[in-house]
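In structure tokens, one chain follows: the form predicted alone.
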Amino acid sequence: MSDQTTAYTAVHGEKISLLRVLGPGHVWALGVGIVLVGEFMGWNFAVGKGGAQAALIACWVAGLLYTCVAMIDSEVTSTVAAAGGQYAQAKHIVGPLMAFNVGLFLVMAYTMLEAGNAITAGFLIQTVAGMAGFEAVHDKPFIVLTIVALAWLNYRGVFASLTFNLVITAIAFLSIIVLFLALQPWAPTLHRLDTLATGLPYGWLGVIASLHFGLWYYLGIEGTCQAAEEVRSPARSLPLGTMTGMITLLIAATLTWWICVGLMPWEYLGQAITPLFDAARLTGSVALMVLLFIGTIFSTLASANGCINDASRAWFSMGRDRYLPVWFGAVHPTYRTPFRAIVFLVPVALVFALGAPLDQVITFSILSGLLGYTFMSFNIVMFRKRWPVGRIKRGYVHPLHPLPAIVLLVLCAATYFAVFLGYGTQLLAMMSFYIIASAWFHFHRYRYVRRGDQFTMPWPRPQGY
């Protein structure tokens, strides 16, 4: 069997491609589904870093960062409509080494996020079982079941998996709205004004430090681009699904902050594993506890499901282009999914989910995502310079260029410093990993890459060439 046949899993001499079956709602569900879990866990570590007010500042600064990400991504991906998202962008606009690194950024960010989701689901089930008198229940089997079951769902088909995401993401989002309305946090008698009155216990340095976990409110919204090759109308669906997703997340993040800081002391909130569920428990309402248990579980499942989708698409794309062994570039002949990439990443997620603490897993995911956002600020400048507006057809043109790219770069630099303040060792370890991987690609894997086969877009020569 030829290399090309192996890469695409040809049957009867024909290439099998990914199916174009997704619409704007699926794009919204993919982006919000991955990220909404950040409202149910993880973001509150920002409170521990700088206090309640610092976490709110981090929430909105991170919201600005991700709005820039969404605007830039919407323009480039609606033009480069290929599986792999930012990886495909780097391949067409920058070059092979950058594309390889961006592909790794994506895979690591989503796989670590998937592991974090599984940890949270297992912890919550163990907690609720303990409350019900079943102290012997352990979290590890549920962690494994979550990852394996969702991998099987993705294996069977993208339309079913993302339709599932659409339903459970909507339910999880509604649970936040219901909790907000039930608590009436606008009523002074129900709100802990003393929590807000603590101000900034660590000063403005605490605000900077809190930026680290402020990204968790939105980390993964750029994953909407990973399904570009499976969307029916990329020029319409990708910008619409991504931008409405950002609006949804900004609303959910602000409501979540207001609920939690009003009900819990910031010292406790800063280290809680499931803050929204804890808020529901404080009400004493069984109905709200059940609702938030369902919402938290659904948010973790939706996020893990979307992460499996996105990580496998990036890994599949790298195999298809020979950046990795071509064996990974196979499409299932029946389900039309990148099945080998999906299966291969399952044990990777399990290793981190079963063997690493939640804050470390979150940090690895954030750092990988942050490296990808830094690339995007340079990528859009090069894209506009080489193919100016009007030279090629774009599905969407983001406004105020190059201001979003500059803002994104500045905010990324501030967040690197924030991560260094609390997790300097992890930052150095991740950077070392990517440097070693880059060296491996340059000195070993690059000779297998066929540059001429990578450029699939019918574009004219870049400006100045």
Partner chain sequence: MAKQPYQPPEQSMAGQVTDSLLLLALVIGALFLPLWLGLAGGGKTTLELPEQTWAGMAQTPAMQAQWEQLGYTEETAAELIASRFDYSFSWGALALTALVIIAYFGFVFRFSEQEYREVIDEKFGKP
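Residue numbers count along the first chain shown, from 1. Keep in mind the model is a prediction, meaning the values are calculated, not measured.
Only in words, not in the display: the form predicted together with the partner chain, which the text now covers.
With the partner removed from view, the residue among I221, A253, I93, I72 that has a non-hydrogen atom within 4.5 Å of the partner chain in the model of the complex turns out to be I93. When the partner chain is considered in the model of the complex, H26 lies well away from it, no heavy atom lying within 4.5 Å. Contact annotation: Y217 falls outside 4.5 Å of the partner chain in the model of the complex, judged by heavy atom distances. Proximity of L249 to the partner chain in the model of the complex falls outside the 4.5 Å heavy atom cutoff. R281 belongs to the set of residues with a heavy atom inside 4.5 Å of the partner chain in the model of the complex. Only one of 325 to 333, 297 to 305, 241 to 249, 167 to 175 places residue heavy atoms within 4.5 angstroms of the partner chain in the model of the complex, namely 325 to 333.
With contact defined as any non-hydrogen atom lying within 4.5 angstroms of the partner chain in the model of the complex, the contacting residues in 414 to 450 are Y416, F417, F420, L421, G422, Y423, T425, Q426, L427, L428, A429, M431, F433, Y434, I435, I436, A437, S438, A439, W440, F441, H442, F443, H444, R445, Y446, R447, Y448, V449, R450, given in sequence order.
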